[in-house]
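Form predicted alone, single chain, as structure tokens, below.
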């Protein structure tokens, strides 16, 4: 009978809840058609037709050192790469398939180069692995909810052996956990319909993973998809429970708690535009100021932000993404203390921004200025030791103006005569409590 060990769990999760900000990288053959990572399923492309991208794949600009540097410069602390997405193509040298990067014109184990580059930048290493595989002959085809051939009766399931697929899938996970050194994150994707938990032989899979990578942290998608919380949240953790909840393309309105009201670790995975894999026509990028505020929102609710980039067919992160990362990095270099190791402040969200906390430090993130002195609701004047601008360390005085004399129980600070904030995106006050 599985026994959840909270002490062990919190120990392995400590770095993750401290890091708060990571990079997701979706990349594979689908960068060539450049219509997103689900292109084969959405357009119901037969395997034979999809193989032309395999024959063509040769990312001449692939340089994982540049990827890792971009992540570090943006203030990210960990990176997660799609070692294998749903199309079944492997960026690593698996001995169990020919459908891999080492058999393309590229001829390289791209995961091996990636993990080396990420570690060299001092970042934590994560690998994404799809539980689905549209290439493997033993994975359900016709009638499956997701498979490209789901509507084609010529691809019936007679003779397909799902147990044989599971053996293949487990063997590939074993390779990732054995051949690439210490892994910090293993990001499975995803469960649906009857394919969840023990349908994947989840207990056996995680026992193997933990025996090879005892410190690795794992998402919750052996049980759920981008929706759903999993068994840890339900208060009855299975052997394959997720270490964190993985909301997709949404930031939970109030963070995430288990059935007993205890805060859960979570990580919102979010795209920069509207696709995970490279999509040439998708130019709807979220601006850097918005993403900075969304990172702050995640942290203020006790969560992480895993922000995605989708490199192109040549292996380059798109210029628009690089520009956004650089802008975020500029803000993080001055204000990272309000993100790393921070979480909920226990203070109601103010009208003008958000609040994060680490120990006796409160970080007031000011998104818009007020008329008159700024109210610090939730903090009493006698509790405050000092107030400083986080970006430059400048003293910010408490206000004694007559204009707030009608509100004697609220503490106000004086930001000075300029109605324009020093940082128009997010000006951060560091308040040290006594």
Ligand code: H79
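Numbering follows the first chain given and starts at 1. Remember, predicted model here, so these are calculated numbers, not experimental data.
Same protein, other form: the form predicted in complex with the named molecule, not shown, and the subject of what follows.
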message: Looking at heavy atoms inside 4.5 Å, which stretch does the named molecule contact in the predicted bound form, given the options 116-124, 100-108, 135-143, 84-92?
response: 84-92
query: Looking at the named molecule in the predicted bound form, is some heavy atom of each of 38, 42 and 221 within 4.5 Å of it?
result: yes
message: Would you classify residue 266 as touching the named molecule in the predicted bound form, given a 4.5 Å non-hydrogen atom cut-off?
response: no
- prompt: Taking the shortest heavy atom distance, is residue 167 within 4.5 Å of the named molecule in the predicted bound form?
  reply: no
query: Any chance residue 363 has a heavy atom within 4.5 Å of the named molecule in the predicted bound form?
result: no
query: Does residue 282 reach the named molecule in the predicted bound form if we count a contact as any heavy atom within 4.5 Å?
result: no
task: State the residue from 240, 128, 229, 78 whose non-hydrogen atoms include one within 4.5 Å of the named molecule in the predicted bound form.
output: 128
task: Tell me, out of 200, 331, 190, 244, which residue has a non-hydrogen atom within 4.5 angstroms of the named molecule in the predicted bound form.
output: 190
